[in-house]
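The form predicted alone is given below as one chain in structure tokens.
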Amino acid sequence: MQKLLTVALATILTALTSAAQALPDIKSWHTSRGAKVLFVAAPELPMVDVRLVFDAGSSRDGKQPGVAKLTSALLDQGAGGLSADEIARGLEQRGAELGGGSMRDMAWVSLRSLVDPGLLEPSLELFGKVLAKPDFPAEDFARQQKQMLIGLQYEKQKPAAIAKKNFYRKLYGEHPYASHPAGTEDSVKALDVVDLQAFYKHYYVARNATVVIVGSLDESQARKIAARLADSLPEGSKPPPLPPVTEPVKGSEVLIEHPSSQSHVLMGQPGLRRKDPDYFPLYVGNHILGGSGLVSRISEEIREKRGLAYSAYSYFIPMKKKGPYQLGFQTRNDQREEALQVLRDTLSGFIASGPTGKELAAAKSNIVSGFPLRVASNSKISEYLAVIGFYDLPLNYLNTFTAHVEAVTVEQILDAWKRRIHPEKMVTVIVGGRPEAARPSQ
């Protein structure tokens, strides 16, 4: 039975790319307890993706950094009296997959199942237990806590992780985005099961949930599933809005010495909200500057012309409040000052002059031609729906995305970048050894 289900699921997954051709028609409503629901009927394949998203990421940690991530990790480690092994075995026997995770803004729990009632019904039953009746077993808590502490220890040896932690800390100061989702060793050691239970009780509630359903169901079936899952949670309430992000008033640079021959360099500033009015001019402009891989300006200047780094990049991370605009590269210690100056000059030149018409046309073509792949499977559609629902984006967001890209002009990019991006106020974090360490001995 299991082998047949595995083969069937593999066949279905292989067919997904060709099955999802048209952009989805999104239906939306609220359950009786206030959960927002987004549903897309995808009748081509006999399966369904269900995802519940909560405003329960690390930005809600408060004075307990790590509690959101640890709570998310414990949800499927015992629920409704079933052990983690019993939950995993029950889903595996029905060809279903359970997922979940957390980031700074959100936490989520997901299920992928075949729609055959004999398989979907018991899978939803198990999913419902994980969602609404987590047991937070003490033994599993201790194991997950230990794993997080090992992870934090391991990150101390990784220059990239050190740079990223310090970048967020410098960029966001006292804002909740400054805190590392995995917390600190002290904060994680201080957590106990009661803390996780309290966090879960406060944030995993219906009014703080967005339910996403994509699959071979009609709206009536989707409504029943959404109500069954979301309404099994207490009604609760939405948490208060996060505070606004304070912009740096001047630039800063910090060097963290690390015994490595390579330096990791991150530079940036608070950048975009998800519903930002300048989203498309900034997004398309960055595609030209540093977001299109080896053909971007930054890569051309740092990698191709000067051979200073294997990769150099820039990207926005849109969030509820201003997520970071981040530029970076990794290079030899003795080359980092030159590479950093090239990065700064390239950014300043782009803000001053903007893209050429040829660059803009190429960027639009690249973004628009690649867009169908972004919605080429049920799982990708469900991820987009989660973003649309969680950040209150318009339901026609996917249908109008390429039109918004096509409408961007050189003048709009110039205007938005000059108003929004400030090289002289950026935070720069460098993690690496002294330049002398990289020079070959004579």
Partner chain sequence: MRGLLALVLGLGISLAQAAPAVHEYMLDNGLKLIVKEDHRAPVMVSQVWYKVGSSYEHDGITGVSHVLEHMMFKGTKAHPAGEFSRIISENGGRENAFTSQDYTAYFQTMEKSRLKTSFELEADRMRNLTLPEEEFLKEVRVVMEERRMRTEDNPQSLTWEQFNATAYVSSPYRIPVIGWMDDLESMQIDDLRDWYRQWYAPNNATVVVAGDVNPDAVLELARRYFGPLKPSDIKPVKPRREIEQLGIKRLQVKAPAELPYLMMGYKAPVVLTADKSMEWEPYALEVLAGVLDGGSGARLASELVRGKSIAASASASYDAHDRLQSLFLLSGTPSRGHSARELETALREQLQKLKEEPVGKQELDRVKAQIRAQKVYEQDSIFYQAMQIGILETVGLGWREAGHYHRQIQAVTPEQVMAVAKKYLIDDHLTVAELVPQPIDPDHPPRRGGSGHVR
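Owing to the predicted nature of the structure, the values given are computational and were not obtained by experimental measurement. Numbering follows the first chain given and starts at 1.
What follows is about the form predicted together with the partner chain, which we do not show.
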item	value
The single option of K275, K224, K238, R306 touching the partner chain in the predicted complex, heavy atom within 4.5 Å	R306
A376, I388, V405, V410 - the one with a heavy atom within 4.5 Å of the partner chain in the predicted complex	A376
Non-hydrogen atom contact T210 with the partner chain in the predicted complex at 4.5 angstroms	no
The partner chain contact in the predicted complex: L114, any heavy atom under 4.5 Å	yes
Close approach of R332 to the partner chain in the predicted complex, 4.5 Å, heavy atom	yes
Contact of S252 with the partner chain in the predicted complex (heavy atom, 4.5 Å)	no
Every residue of A190, Q269 and F401 near the partner chain in the predicted complex, heavy atom within 4.5 Å	no
Option from 168-176, 67-75, 238-246, 92-100 whose residues, in the predicted complex, bring a heavy atom within 4.5 Å of the partner chain	92-100
